[in-house]
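What follows is one chain in structure tokens, specifically the form predicted alone.
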């Protein structure tokens, strides 16, 4: 069968489907007529439509040729039988002898034993399988490529009809991918729990006209939209904001190359000539792209397919006029759902969000940094959530467990409401402690500081009861833009940060980039292990111009106030000595040129590598203070990548070996008179904070929302007794001190103080 014949065949079937889409017949009646139409149009003895009943089950929803009594009785698990394999793989199966195929399962109630030829194609929308379309014949033959193409075109329209609810019957559960409760198990990137309503970052484009009568008119629409998109991308490249060299420019060039791809355009034109509308043809190509992405292991190729997927989204919005989410129009208690999102886009939503759910992302991504700054729960790797969620759906995000409940059942909703009610009561308790110091029962005072990175963090300085900012991340101002910020912009920003602190101590960490934090306007280095590569102070020492510019901005912003700076990722004494000298030289240069000097300066280092704990005494004596960077130190201590879910949870902060190492750092700082703090997620977990304090650390820096629970527990215990519990675990040969500490707290009825 020629391409022209295949197109005629698909157009003839699609005309019938368009009539079915327009009519108001009940869903089952539509399905029955559609299977008869497809069987007759394809010259097949059987046509069957299987639709997803739930996450794991397919149900025979309609059939022309099989026993009618099997409809709604025959069910298959995803992956079971040839039909289940089609759904699992998202790819067609075409065979001349179905019973002889590996994995074939005979369903006696269907009476299909007399049909040898089998062709099954997935009913897919945006890479998500909604069902399977099957044609069968008595004659033992394989269907031609043209016939497969024709049936795939038909399956595309069935997917759109399913999405539009064309096959819904009251409470039948079929053809309703957005009605049932569904749970996504991802990864926890930011703790916390919230109940809210879905806010899609890129609202679903609804294709209400999947079938078109005039192919040439549709091709003209497609070409016009494509030309508009190409002009937009050319304008992006010509913009002064992208007039820089490096990886960012290369990415945009690749983006433009895809936008001008002839093969991409020709595939969509072929789909239109087969009967699809312009937007349905674009969406069919997008489903194919996402299917290839799911099977692609090479990260570079996946990224290129991701670019092409983004282009199809842009093209769909141009064709339909359906735009991006308006950040000014939001549901009550919005929970943002997106495939991925950049820091600037997330900041646009701000503190109005109750939580964020991402299909992609990582625990160290820019979005995670912002979510922590905003104090909202974040779940990553929730695969498939953007295809299932609709704006306004009820959603529960459990950042503690890395779980998302979409359209939850009432019992699940009730359980989480109870949990939030208990958390609200705890918040009231924490508020009453805001002005009280964190002094333990045996009289030890612990300073609790907060971490920050954007201006929206600073109001929490007063409301949380923090004594200052133990870590202000300066990289966000570099990450959320397309060009290097100007010195004057940084002076203004740092000045406003100091103004907002109202005299409280702020520790500014110099630019910590590299690893997972790559500036879009700097050439990305291809490194086998970026976490151990060219990052943080290593970049600063190799590119001293950027470091010097940032130090100048901090000095000028101080305007006579105290200035505290900290260099990240120091691995050896010489790195600190060089970085410190750059600061002192910059300070002298600014003074010589009339800049008003800070009232006093402190120069510290982050201890994030085990090597620095064994530096010469001169390092500890030269540093005005040291802050343990717990997140990196733990991953290097245990040789367990914190981005790797398979290993990062194997190693506990309360491991005896790690606490002993922390104790050794405390002792070196004590002998040299060097102030020491602990900064990171673990500092904000009450039990871990308790252990660090018992090891001798007297300053802890954490996210603002953690200060209340940490302070409450510290004020309720004696560190002397806590230390005895830890020492007993060490003497016993136990690997972990957590069980002993939890038992000790339980015996004193303090365990409920742990969130």
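Because the structure is predicted, anything quoted here is derived from the model rather than measured. Positions refer to the first chain, counted from 1.
Beyond the structure shown, there is the form predicted together with ligand PEP, which is absent from this document and is the topic of what follows.
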Is residue 606 near ligand PEP? Define near as a heavy atom within 4.5 Å, in the model of the complex. yes
Whether residue 125 contacts ligand PEP in the model of the complex should be assessed with a 4.5 Å heavy atom distance threshold; does it? no
Flag residue 192 as yes or no: does it have a non-hydrogen atom within 4.5 angstroms of any non-hydrogen atom of ligand PEP in the model of the complex? no
Indicate whether ligand PEP has at least one heavy atom within 4.5 Å of a heavy atom of residue 631 in the model of the complex. yes
Please name which of the stretches 151-159, 505-513, 277-285, 133-141 has residues with heavy atoms lying within 4.5 Å of ligand PEP in the model of the complex. 505-513
Within 4.5 Å, heavy atoms only, which of 453, 680, 361, 186 is in contact with ligand PEP in the model of the complex? 680
Only one of 273, 290, 473, 685 comes within 4.5 Å of ligand PEP in the model of the complex by heavy atoms, so just point that one out. 473
